[in-house]
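So this one's two forms of a single chain, laid out as structure tokens and tagged structure 1 and structure 2.
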Structure 1
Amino acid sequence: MAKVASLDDLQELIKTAEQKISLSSNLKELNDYKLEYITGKKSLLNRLTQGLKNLTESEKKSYGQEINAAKETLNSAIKGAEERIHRNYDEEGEWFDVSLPVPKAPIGHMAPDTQVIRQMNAFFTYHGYSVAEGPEIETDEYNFEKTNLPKDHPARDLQDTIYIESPEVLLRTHTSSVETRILSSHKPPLRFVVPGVSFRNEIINQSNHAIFYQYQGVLVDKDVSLANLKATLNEFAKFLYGDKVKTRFRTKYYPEVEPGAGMDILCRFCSGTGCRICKDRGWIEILGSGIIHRNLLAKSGIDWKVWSGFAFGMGLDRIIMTKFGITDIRDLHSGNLVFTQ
């Protein structure tokens, strides 16, 4: 026979019982609590009531009141729990197959182009560049004359132009037209990148398209050096391809720059020994760059004796294709590309 608990102990016991009842998750469990605390032969309430026998009359009275209150509390807790369990009968419910396959909830994706462009923009905005843009229908002036490609320049042959109104109105053949537009309308110092589409009248195949995307960068300031350019591009290559990337900086001709430079990364297919993919060079070209040609600055109204700059440009399509495992450039924008869940 248990000793009669003190008043404090009694309240503690009731609180514990009330909490257990309120957390019971099914009717069977609740029934067990009912037996344990209220209705069972050896239930808490019964034991407490039996304990009354040994008490003085005055003690009996105050204790009896406490026990009655406890009984009420527990009964109402049981009732509440019963209602709750009936409402949420599924907590116990029927057999359920949690492994049942379901369609994935749909989410939206940015186009591969946007994803790659945003990634690059993140790097360059961190380094103080603005993201710029310009028209796609262009004039000969901004596309050619100001980019140091005057009429009859041999390099114009390399850029088979698509004309709307020959020879003055055309589709820009490179994003350098945005470079000349911004240099012509803003005062240095300037830093900006231009992600955008360009057009050339070229035979298209698996790896070349007449409509292609470029990413161009321009910095104009005082005393700009090839060392600045090389360091910037090295950091960019690390950002794109990881810290371990090996880069190479070499002379390359572009009419918009002088001196001109190309940047290669070590071929990851042969690690530099030379293979078909890198044309036996051991290296893969990722971008073209250089110190902005004095003629280009002059034609854009910038005094090259005070200001100098560098520019770089790269094709985006190949990077996008590699990242997303697309093997045919014609699939990029023809309506074939689908995000499935």
Structure 2
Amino acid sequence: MAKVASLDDLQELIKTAEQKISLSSNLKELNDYKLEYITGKKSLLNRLTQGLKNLTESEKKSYGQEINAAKETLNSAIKGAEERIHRNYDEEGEWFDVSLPVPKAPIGHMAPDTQVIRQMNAFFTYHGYSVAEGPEIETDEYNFEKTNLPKDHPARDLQDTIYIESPEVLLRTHTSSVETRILSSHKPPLRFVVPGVSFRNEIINQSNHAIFYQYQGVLVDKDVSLANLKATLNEFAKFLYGDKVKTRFRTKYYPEVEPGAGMDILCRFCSGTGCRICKDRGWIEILGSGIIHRNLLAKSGIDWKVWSGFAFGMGLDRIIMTKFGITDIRDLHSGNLVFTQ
């Protein structure tokens, strides 16, 4: 339709369209009328607008004004019909617009171990540490030899190793294997943390599991001391547990460090009075740490006379238990939906 014969013809076309819109019974039908008369590429209004180019200047002005008025009339009719249809839906049952985005269903949240790892990564990356990872199937060289655990070292017997191909290929017993890999392939100064799974042939019970998360931290630089280590770990404990957390350090032996120290926090389950979680000690050990042993640095190709550093490692499962009040380590690996909902 390039042109209507008269303004009366235009008014008649709009009247017919308005009547059809007012009689529409559902949103699909209403949308079809909207395309037919207003928004469609070949809609009535578009065809009338395109026909203006064939008119004289005076005709363009008259028809243009009428077309604009017709557009307002039809849009008003569409809006009125939508409101009427919505009211009908409300009276018959709940109405919803199928074209709107569907809200995300509540399908759960991150597991406790993922939450804690991300929190810890945020703390250490803020303090200049990188986050590293390494293979879970490891060699004897990186898992034992370079961590200052030679083949005749008695500490090997305490790690209950699970071998893939004895005696050289195994499931890593600690994330220290990633430490030795990085120290062997990168030059200091270095700062990095390693969250990851470790494996040991343990008897599974309330406080032990054969599969467990560890979190390793390493800093190598010049003139590093135990004071640097203690300050770092105290700040970390406050970040993880709050400013009121109480900590203590005890001298301990670890082959990878010399001197070594264990870090405890006051038991959050009994506030130090003694319970089955802390084994009536009042304190829970959350990590081992110390100054990196000169043998480990030397085996990784680092001159221990120039460089020094500290390292710390913790069982994340125990950290998670104390943070969330979980009393059985087996719950973390059982697939219990309580921890994912």
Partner chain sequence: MRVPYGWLKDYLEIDKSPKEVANILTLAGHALDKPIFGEEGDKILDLEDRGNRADIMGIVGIARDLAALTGKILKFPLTAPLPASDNNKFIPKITISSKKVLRWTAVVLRNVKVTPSPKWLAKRLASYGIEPLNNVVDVTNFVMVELGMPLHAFDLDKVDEINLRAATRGESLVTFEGTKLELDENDLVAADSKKPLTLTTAIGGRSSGIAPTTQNILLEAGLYDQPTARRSALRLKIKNETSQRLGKYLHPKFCEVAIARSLELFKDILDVSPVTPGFDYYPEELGPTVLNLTFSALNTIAGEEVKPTEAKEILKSLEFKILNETPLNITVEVPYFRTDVVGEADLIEEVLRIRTYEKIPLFLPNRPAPKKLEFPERDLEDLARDTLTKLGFNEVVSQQIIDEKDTIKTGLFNENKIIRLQNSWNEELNIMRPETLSGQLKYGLSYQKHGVTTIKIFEVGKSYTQTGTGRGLEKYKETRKIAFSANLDFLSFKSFVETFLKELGNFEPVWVKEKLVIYKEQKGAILKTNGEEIGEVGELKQALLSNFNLEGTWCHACFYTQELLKQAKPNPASGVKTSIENLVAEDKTFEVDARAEAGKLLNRLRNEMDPSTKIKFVGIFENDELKKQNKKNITFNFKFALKKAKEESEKLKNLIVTA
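Only the largest set of C-alpha atoms that superpose within 1.5 Å between the two forms is called the rigid core. Residue numbering: structure 1 sequence, from 1. Keep in mind the model is a prediction, meaning the values are calculated, not measured.
The form predicted together with its partner chain corresponds to structure 1, not structure 2. When two forms of a protein are overlaid on their rigid core, residues whose CA moves 2 Å or more are considered shifted, and R281 is one of them between the two structures. The Cα position of K305 differs by less than 2 Å between the two structures after fitting on the rigid core. Comparing the forms between the two structures on their rigid core, the Cα displacement of G80 reaches 2 Å or more. Core-aligned Cα shift between the two structures at C270: this is 4.3 Å.
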